[in-house]
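Here you get one chain, nothing else, as C-alpha cells; it is the form predicted on its own.
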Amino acid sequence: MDRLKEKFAEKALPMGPEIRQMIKEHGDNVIGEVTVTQVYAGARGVKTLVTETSSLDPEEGIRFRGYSIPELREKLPKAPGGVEPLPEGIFYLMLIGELPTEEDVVNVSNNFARRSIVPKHVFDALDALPESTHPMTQLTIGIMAMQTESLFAKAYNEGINKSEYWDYTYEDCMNLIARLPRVAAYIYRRKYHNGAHIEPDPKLDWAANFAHMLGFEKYEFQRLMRLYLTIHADHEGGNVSAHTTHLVGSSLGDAYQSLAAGMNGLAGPLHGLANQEVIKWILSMQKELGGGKLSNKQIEGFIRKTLDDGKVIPGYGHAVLRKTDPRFTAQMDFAKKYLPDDELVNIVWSLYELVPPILNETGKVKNPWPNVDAHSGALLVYYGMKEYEFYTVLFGVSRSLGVLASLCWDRALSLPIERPKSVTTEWIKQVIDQKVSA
C-alpha cells in the first residue's frame, strides 16, 4: 500500500462507524428547512450533501480543509525556487485533511508519474473524432475511453466485499488524475497544433509536466499552471461538477463514469464554460471599440450596452459568494506581480472597478462581484494560450483533484445512493393553501 493510501485509510475508515453511530443517536435532529423558493431555485442553500474537502462561505469565500487561498499560497509546498503552491499539495490536503510536507508532495508527484501511462486505444478514440469537436466533448470521451482500465469495475464484477470499495476507488482516482493531463494535452495538440504531440517528462511535477505536454516550456507558464490548477481544484460539493460526480458515484459508478459525468456538467455555460464566455466577451469589446488600450468611459458604455441588450456580464455574480471571489483575487495578485502593464489584464481590472456599481444600480443582483472566470482568460492569453475553447479543459483537469478526493471519501464512508424526494407543483400549492388557511 502506498504511503498516501495508507494515510487516507488511517483517516477515513474510522469515520464510517462514527458517522453511523451519530445517525443512530441524532438522525432525527432537524438541521434546516426548505422553502418553496429553494425547491424551484435549484435547491439553492439546502443542506443535503456531505463534502469533507472544502467549504464555501458566502462572506469568507472558499476554504480547503479550513485554509483560505491566501493561506494555502503561503503554506503549501512549492517547486524548488518556486513561489506558487504545487497542486499535489492541495490534493493531499483535501484527501488527508492535513497540510503536507515537501516529502509528502514529492511522494504524490512521483505516485502520479508512475501511474501516468495512457492506453493507446484512448488516443485512437480521440483521433476518430472530427477535429472541430469541442475540447470538453473530447475530454469526456477520453475519460470514458479510459474506463476500460477501471480496477473498481473489474473488482466489483468479481464480487468484492463492500469494505473494499474504497480501496479500488482510490486506485482508480489516482490513475485517472495521473493520466488526465496527458489526455488533455493530446486534445490540445491535436486540435490546435496539427497533432504534433509532446511526450511527458516524468522528471517534472504534475502541473509543469502538463504545461510541457501542452507545448509551453517557459517557467512562467509552469508557475501559472501551478496556481491555476490549485485554485480551481474544488468549490465544495453543491456545484454542478462536484455534485454530478458525487451523484453518479453514489450509484457505485466507477471513477471514470463519475468524472465524465461531472465534466459534462462543467461544460455548461453557467458553470465551467463561463471562463470561455468571459474572454470571448472581452475580446469582442476590445474589437468593437477599436482595439488597444480602452478608457473607462468606453468600457462603461459597452457594459451598459450589454445589459441593455438583455445579456449578462460574464464572470460576474456567483450562486453562493457575496464578495469578490478569492480565486479572482489570487489571480489579480499574480498579474500585479508579473504582468501589471498588459492591456487585457488592465481591462479586467477596469471591469472590476466598473461592473459592480453598475450591476448594483439594477437592484436585481445580490452578488455584483467577479468570480474566478473573470480573470483567468486574460492570464492565459498573455502567456500564449489564446484558444479559449480549451480553457474549460484546464478547469476540468484541476477540478478532478477535488471531486475525486471527495469520491474516495464517499466510498470510505459508505455513503448511500443519492435519491431526494421530488414533489409536484400541485402538491406545493396544497401545502401553501393549508398554511394560509391555518
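Just so it is clear, the structure is predicted and the values come from calculations on it, not from any experiment. A residue's number is simply how far along the shown sequence it sits, counting from 1.
The protein also exists as the form predicted together with carboxymethyldethia coenzyme *A; that form is not presented, and the subsequent description refers to it.
Student: For Arg44, is any heavy atom within 4.5 Å of carboxymethyldethia coenzyme *A in the predicted complex, or not?
Tutor: Taking the distances in the predicted complex, the answer for Arg44 is yes, it comes within 4.5 Å of carboxymethyldethia coenzyme *A.
Student: With the partner left out here, check for me: in the predicted complex, does some heavy atom of Ala79 sit within 4.5 Å of carboxymethyldethia coenzyme *A?
Tutor: No, Ala79 stays farther than 4.5 Å from carboxymethyldethia coenzyme *A in the predicted complex.
Student: In the predicted complex, does Tyr168 come within 4.5 Å of carboxymethyldethia coenzyme *A, counting heavy atoms only?
Tutor: No, Tyr168 stays farther than 4.5 Å from carboxymethyldethia coenzyme *A in the predicted complex.
Student: Although the partner isn't part of this model, could you tell me whether Arg182 comes within 4.5 Å of carboxymethyldethia coenzyme *A in the predicted complex, counting any heavy atom of the residue?
Tutor: It does not: once carboxymethyldethia coenzyme *A is placed as it appears in the predicted complex, Arg182 has no heavy atom within 4.5 Å of it.
Student: Quick one: from Met144, Val106, Leu307, Leu339, grab the residue that has a heavy atom within 4.5 Å of carboxymethyldethia coenzyme *A in the predicted complex.
Tutor: Spelling it out, the residue with a heavy atom inside the cut-off is Leu307.
Student: To verify the annotation, which of these, Ala153, Leu204, Leu354, Val365, has a non-hydrogen atom within 4.5 Å of carboxymethyldethia coenzyme *A in the predicted complex?
Tutor: Flagged contact: Val365.
Student: Could you tell me if all three of Pro135, Ala330 and Phe390 have a heavy atom no more than 4.5 Å from carboxymethyldethia coenzyme *A in the predicted complex?
Tutor: Checked in the predicted complex: no contact with carboxymethyldethia coenzyme *A for any of the three.
Student: Pick the stretch from 367-375, 381-389, 409-417, 59-67 whose residues have a heavy atom within 4.5 Å of carboxymethyldethia coenzyme *A in the predicted complex.
Tutor: It is 367-375 that comes within 4.5 Å of the partner.
Student: Residue by residue through 253-271, tell me which have a non-hydrogen atom within 4.5 angstroms of carboxymethyldethia coenzyme *A in the predicted complex.
Tutor: Pro269, Leu270, His271 sit within 4.5 Å of the partner.
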